[in-house]
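Take a look at this single chain in structure tokens; it is the form predicted on its own.
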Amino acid sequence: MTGTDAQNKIEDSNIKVAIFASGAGSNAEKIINYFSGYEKVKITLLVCNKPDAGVIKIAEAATIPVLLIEKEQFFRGDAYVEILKEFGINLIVLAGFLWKVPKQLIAAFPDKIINIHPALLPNYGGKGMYGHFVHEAVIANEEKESGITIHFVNENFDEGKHIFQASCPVLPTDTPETLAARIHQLEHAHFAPIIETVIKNLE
């Protein structure tokens, strides 16, 4: 597909995106702002598992509906698949969402759920490896570089097909906080444009 073909494809499509997030929402805000000028791509829904999460205010300020979810229905019910279908969702983006995605949701959206991880997978992934836990482990092991991985989601934590990676140095003076700040810069620079690339390749 040429660049022109890809652009025509996205302009001819109506893509509705759901963002799943659990925290302050800096990545979600970047994504919302990035696509705010697109007529054919709409951030249609924010899905959140924490009623006091900062990301909810970001969504409300952008007049994006918020769906608060609870564990019972998410893990042992229909994983809110029917509600997502009612909203016409085509793509799910995990932007700091800390629950594991259940099988029924993956089955309903095959190769249409993407996640960002704050390390260079397959290193420093898996259960319990998120946020400062990742950065602490990277520094403790005296790694020379870290970075981000954007990947499709499968049934195992952080094991889906890689879409994109970007790296940054780990400095001898780094703390988990300073490394996290550098990783956030990579996330904010790359996540939304890579989402756009994924959308262009949706069938």
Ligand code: GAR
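Residue positions are given as counts along the sequence shown, with the first one as 1. Treat the numbers as computed from the prediction; the structure is a model and nothing was measured.
Note that the form predicted in complex with the named molecule isn't included here; everything after this is about it.
Taking a 4.5 Å heavy atom cutoff to the named molecule in the predicted complex, the contact residue among S167, T175, S26, N49 is S26. Of the residues A108, I89, I116, I113, just one reaches the named molecule in the predicted complex with a heavy atom at 4.5 Å or closer; this is I116. Taking the partner from the other structure, the named molecule in the predicted complex has no heavy atom within 4.5 Å of any heavy atom of P102. Within this chain, R182 is remote from the site of the named molecule in the predicted complex, having no heavy atom within 4.5 Å. Contact check for Y130: a heavy atom falls within 4.5 Å of the named molecule in the predicted complex. In the predicted complex, none of the heavy atoms of V93 sits within 4.5 Å of a heavy atom of the named molecule.
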